[in-house]
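As structure tokens, one chain now follows by itself in the form predicted alone.
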């Protein structure tokens, strides 16, 4: 099933998250107080609404507690960011990621229960979005608009298979360029290398092919 995300705040950071999640086929609700920004993302997100996220009634009416993950990407208004996070937590949202303006803001967010706190100056919106889509994605580096290097955690379904058993290059058009196992790293692994559950696979290829491979072997 598709994961459902809500993005609160459609500035450059929130907009980047919204677009990337939508491009990956996720269901995305975009929320902002600025009607112009909402109109801009109306054709990008699954749903885009004008709303004040500091109003508990508004968030309740949107069914916000039913979303898998809510990203609070409010710009310079730290008070609105904190209040929105507090309301989301009280409403029982499972995962909340919040953009922090500074270390003090991050400290407050941590105390009120934000699950993930990000600093856009240090983290690219697209990199964060791709790590949120799946529990198996540890890291993501964009090589071009369509190609990436991704760190994936080997699932139970992969465990015990060799690279030749999985026939990854022929079936998915991607390459495993290295395997991290505990403190060791196997560069250019042999086709006979057996994958263990929890191995970190460093995969390179087209985004669409990496997603196909990940979905095929994802643990339920």
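These numbers come from a predicted model, not from an experiment. Residue numbers count along the first chain shown, from 1.
Below, we turn to the form predicted together with a small molecule, even though it does not appear here.
Peer 1: Please determine, with the chain shown alone, which of 152-160, 66-74, 191-199, 166-174 has non-hydrogen atoms within 4.5 Å of the small molecule in the predicted complex.
Peer 2: Among the listed stretches, the partner-contacting one is 66-74.
Peer 1: Can you check whether residue 8 is within 4.5 Å of the small molecule in the predicted complex, heavy atom basis?
Peer 2: Judged by the heavy-atom cut-off of 4.5 Å, residue 8 is in contact with the small molecule in the predicted complex.
Peer 1: In the predicted complex, does residue 54 come within 4.5 Å of the small molecule, counting heavy atoms only?
Peer 2: Although the small molecule is absent here, residue 54 would touch it in the predicted complex, with heavy atoms inside 4.5 Å.
Peer 1: Using a 4.5 angstroms cut-off on non-hydrogen atoms, would residue 106 count as touching the small molecule in the predicted complex?
Peer 2: It does not: once the small molecule is placed as it appears in the predicted complex, residue 106 has no heavy atom within 4.5 Å of it.
Peer 1: Can residue 87 be called a contact residue for the small molecule in the predicted complex at 4.5 Å between heavy atoms?
Peer 2: Residue 87: no, not in contact with the small molecule in the predicted complex.
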